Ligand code: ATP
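One chain comes next, on its own, written out as structure tokens in the form predicted alone.
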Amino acid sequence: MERNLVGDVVDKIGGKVRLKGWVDTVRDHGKITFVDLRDRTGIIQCVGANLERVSPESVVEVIGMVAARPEKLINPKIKTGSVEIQIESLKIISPAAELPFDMGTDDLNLDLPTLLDYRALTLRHPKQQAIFKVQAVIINAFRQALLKKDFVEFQAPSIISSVPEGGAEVFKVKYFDHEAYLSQSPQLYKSLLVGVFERVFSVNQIFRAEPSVTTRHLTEATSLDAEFGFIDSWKDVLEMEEYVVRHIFSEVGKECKNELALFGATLPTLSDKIPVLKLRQAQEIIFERTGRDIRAEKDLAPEDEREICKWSSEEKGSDLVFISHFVTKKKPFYVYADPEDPTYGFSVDLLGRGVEWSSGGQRLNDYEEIIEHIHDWGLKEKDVELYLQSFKYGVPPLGGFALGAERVTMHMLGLKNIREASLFPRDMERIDTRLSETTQK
């Protein structure tokens, strides 16, 4: 007898089925026991007499008849709520040990360390699963949006020979008899590949050795990168990114209604066009609204990002806002400086619900100018030799952007900590388990 899936048995009333899955909850009423069985398609109530004792989260096989529930006992909250399984046999395939906490609640109500310490178990909770179903749709929608625009997917290497973008926030690794690093970004590879495929994207893990433990930083994150050539200006990058973001929102809205409802979450509001402000314009607005004078700063602080997003929502009806023209010298060497004022570059951040979601902009494509920037930034040509090789032989005007999958997920669902939006988060104190505890043992 073949296995049936829970989600397929509603129309099999009067028939015998064979189900396999996990025991979600057990309600023992003496001789009669109710077992809620869960598989990848849903959950269903099973009822039987004189059953072998079974614990929650055990893996079981149930064979029984599908019966209609009495009308007054129908559960409208689940798609199988109109039927139940009358158990003929229940076989324990893999017993579960006693659970360290109650998994049967709507909210786990666990502190973050406990949630992560028992990751293999807590991820089974429907609300935890919902986070990563949403994230999967976000990533797939990003991919599908770009495939529709003739982009080619590639996978960038995680091990690199140098730190071409500067900064000390990198992880050094021993690479045989050499020193290497974990990549902070696939930027140089995707720019190189514009000279091959014209339009490329990647879904890559990136690594940042940022010495901070905050609610918004991870040392390993998922970067959704896109780069394309033959642009006319930096504004082409904004148009492409807005198209992608709108597609992501559309797909999440269609595919994740139940998951959004679990969190009481709504999709970000968008106006007809996402507003665009230059950095200095944004700082002026913040000064006018709050009296805080940040007009000489070279970037926006977290408080500033929240304030300008609040302005965008109130004044423009958009939960998202683009901020452009950051100080050129504060950006990587490949940033394209604004010819009208080279102090500022054609670099753009997308802010959403009070935090940065992405960075991007127009890149340099003139070989000699790139060489000049490399020297001005205090870098060495040999550290970007492969990248330079591409531009030496001709690359069109190009630009692109990179979205943080965990950040988008976090702020779409209203999570309090970005670690909740990572299946297996890495930070200064954790690689699966808490490092401080491991050290003490």
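For every residue, the number given is its place in the sequence shown, counted from 1. Nothing here was measured: the structure is a model prediction, and the numbers come from that model.
Unshown form predicted in complex with the named molecule; subsequent notes refer to it.
The stretch in contact with the named molecule in the predicted complex, judged by heavy atoms within 4.5 Å, is 396 to 404, chosen from 30 to 38, 378 to 386, 60 to 68, 396 to 404.
Contact with the named molecule in the predicted complex, judged by any heavy atom within 4.5 Å, is made by just one of E356, D319, D236, D338: E356. Among the residues E315, E284, E210, E297, the one placing a heavy atom within 4.5 Å of the named molecule in the predicted complex is E210. None of the heavy atoms of A421 is located within 4.5 Å of the named molecule in the predicted complex.
In the predicted complex, the named molecule sits within 4.5 Å of a heavy atom belonging to H217. Heavy atoms of A221 reach within 4.5 Å of the named molecule in the predicted complex, making it an interface residue. In the predicted complex, the named molecule sits within 4.5 Å of a heavy atom of I206. Along 258 to 280, no residue reaches a heavy atom to within 4.5 Å of the named molecule in the predicted complex.
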